[in-house]
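Shown below, as structure tokens, is a lone chain in the form predicted on its own; questions about how it binds or moves come after it.
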């Protein structure tokens, strides 16, 4: 059995022999390993990902490696991240049913998860947006997912002892939190070893941002919040590359960065990816103008935040069973207005914080180690740099001026104005 073996990385050649006796996998795809077709499709920064097809179906086998795949074995990383991904997926499924792939099997020793294969026409959301596809359901689906998982994983809903036990479990996800704490909040703002950017086109702007005292102070205040404010179980890496979509379905994947942190982090990171897609669209206009796509993306940010607010508010009124803002202090005393006032306070603070996290996320994707394909697939470096520079200016404004921004329409008006600028 695989659990009796020491860790060994799978390969296309060894997977059938290694997992041919796994009942959960065989139940999904058939026991005739000679008929199995194995493809390695992992294109992320951390893990091996295989699609395994057999006589009766298909499944995904995902295995952690003892290092960061993007960098190599010079950057070791513990295998236990698959443990956190497994536990995050099970909690996300319980709190937002149907929003993540079904889990068939987990092997902690081999750091592997066997899960549902999201077959074509499923596509990574980022790829769909680069292609100019206007998917009709993503704002609603993602807004509901965030509201349900963030609310139901917090002291607003959970019994205090259960949330504290969960907090203790995910607190051990130290190494992946360290990646976020360094790569997102600090490295973009100095000459960190693994940073890169479009050079020389962005050199002047990068130097300006790294000398920007107000920006660096805000980045560190946000890092402090990220590290110290354990509000709820986060996905931890909720970007357009961690979502698979069709025209009718949306599934969140890859929550190995899961930990207890501020609710605003997931929301800000997610919205930042829509704004980055917005700024990248001019670099993908080889087959025609993308004005409609830009308008669509701004509309997605509005709808996502609107759906999130509405569902979070609904859960506040119907599932607020935790130790925070107890109904015994408000509704049970006939003070529904007090409960609504508290809700407004929570949502306002989350709004302010998510803008900061969004701005920092934009910066790290252009200046740090892990870039995204929205910009990276723009072959013309001058055009890419122009798109990136506008996004960087936008991100700086969000991070530094977030307390003076009062609506998502205001943010989108700013984005539209910056996008129309003619030069970097």
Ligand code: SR1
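None of the values given here were measured: they were computed from a predicted structure. Residue numbers count along the first chain shown, from 1.
The same protein has a further form, the form predicted together with the ligand, not shown here; the description that follows concerns it.
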Contact of residue 320 with the ligand in the model of the complex (heavy atom, 4.5 Å):
no
Can any non-hydrogen atom of residue 353 be found within 4.5 angstroms of the ligand in the model of the complex?
no
Any of the heavy atoms of residue 68 lying within 4.5 Å of the ligand in the model of the complex?
yes
Does the ligand come within 4.5 Å of any heavy atom of residue 151 in the model of the complex?
no
Can you say which of 344-352, 78-86, 236-244, 216-224 gets within 4.5 Å of the ligand in the model of the complex, counting heavy atoms only?
236-244
Looking in the model of the complex, is the ligand within 4.5 angstroms of a heavy atom from every one of 46, 179 and 183?
yes
Let me know the one among 189, 312, 260, 257 whose heavy atoms come within 4.5 Å of the ligand in the model of the complex, would you?
257
Check each of 383, 369, 51, 373 and return the one that places a heavy atom within 4.5 angstroms of the ligand in the model of the complex.
369
Taking heavy atoms and a 4.5 Å limit, what residues of 191-208 are near the ligand in the model of the complex?
none
